[in-house]
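What follows is one chain in structure tokens, specifically the form predicted on its own.
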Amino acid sequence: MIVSRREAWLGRALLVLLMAVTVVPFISLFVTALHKPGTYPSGLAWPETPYWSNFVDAFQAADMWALLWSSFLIELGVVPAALLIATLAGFSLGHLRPPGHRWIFLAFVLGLTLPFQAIIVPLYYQMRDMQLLNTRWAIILPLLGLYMPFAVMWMRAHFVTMPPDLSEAARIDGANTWKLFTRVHVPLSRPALSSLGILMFLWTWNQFLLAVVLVDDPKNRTMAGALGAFQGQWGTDIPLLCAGSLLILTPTLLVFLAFQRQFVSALMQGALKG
């Protein structure tokens, strides 16, 4: 496809603009985190004396070692289970297509329209009646339900695009439904599974509302719940809050950078098939 010089420059300008919109908030966080604790910096002015110790103080103030372990346990309870359930449901709706599969799929679509904030109050009372408040299960179980509509639609979209000839050939060779699923479709679903796993890892790691509302003990929260440690009775320590935010963001950035090829591969695979 031939692109004119004007269109090329316009595309580059838009990319630079989008990059600036994305990078500037991180620069603002980093610069603010280097100011003196207890101050209220404004703008992007570099401090005369950078307080690099703010990152150590923020790490200790939020007890992030305990939060790292808690976040790991929550991730371990959410991501594998959500991937398993979504893969099974997506395979059923996208490939097996049982009677009524269209209505089931419609129910998942309607689940995407449900505002998360609208169910936080009834969810609180439900967790209280189940005696799960102030435990990690109060975060794990709701997240599994909240992720299902998107995760099932994601995996269904993958299985719908799979060639039916593969299944027919496996059936001729004597494969039953379970072998067809485990030995044919799941190995071919690795890009979709890896990208979905990355998304759910990031969403779970950054979960703040559930952690604050349903769990009182900071050591049972996610890493994002550590932000409450920098808010006192009379105010908020802005530099320490920014330093803590950067520390919380760092693992998610490392995970995305480590698996960005798989993520892009899954997106490109869906784009080519669609």
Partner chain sequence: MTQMRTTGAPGRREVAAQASTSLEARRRALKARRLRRGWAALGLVVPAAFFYVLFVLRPLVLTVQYSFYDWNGVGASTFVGAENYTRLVEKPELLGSIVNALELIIYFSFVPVILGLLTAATIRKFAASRLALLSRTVLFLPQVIPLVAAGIMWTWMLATDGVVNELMRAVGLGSVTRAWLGDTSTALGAVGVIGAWVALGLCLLLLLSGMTKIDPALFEAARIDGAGAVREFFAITLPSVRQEIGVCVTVTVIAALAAFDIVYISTQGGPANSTLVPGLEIYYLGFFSREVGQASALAVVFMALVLAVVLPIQRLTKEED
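Values in this document were obtained by computation on a predicted structure and should not be read as measured data. What we label the rigid core is the largest C-alpha set whose atoms superpose within 1.5 Å from one form to the other. Residue numbers count along the first chain shown, from 1.
Keep in mind that the form predicted together with the partner chain is missing from the display, and what follows is about it.
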In contact with the partner chain in the predicted bound form (heavy atoms, 4.5 Å), from 154-162, 188-196, 67-75, 91-99, is stretch 91-99
Kindly confirm or deny that P37, S53 and V56 each have some heavy atom within 4.5 angstroms of the partner chain in the predicted bound form. no
Check Q117 for me: does it contact the partner chain in the predicted bound form (non-hydrogen atoms, 4.5 angstroms)? yes
Should P80 be classed as touching the partner chain in the predicted bound form when contacts are defined as heavy atoms within 4.5 Å? no
Test of understanding: in the predicted bound form, would V184 fall inside 4.5 Å of the partner chain by heavy atoms? no
Decide whether Q60 counts as a contact residue for the partner chain in the predicted bound form under a heavy atom distance cut-off of 4.5 Å. no
What residues, if any, in 105-136 have a non-hydrogen atom within 4.5 angstroms of the partner chain in the predicted bound form? A107, F108, L110, G111, T113, L114, P115, Q117, A118, I119, I120, V121, P122, L123, Y124, Y125, Q126, M127, R128, M130
Please say whether, between this form and the one not shown, the C-alpha of C242 moves by 2 Å or more once the core is aligned. yes
Honestly, after the rigid core fit, is A33 moving at least 2 Å at Cα between this form and the one not shown? yes
Taking the rigid core as the frame, does V121 move its C-alpha by 2 Å or more between this form and the one not shown? no
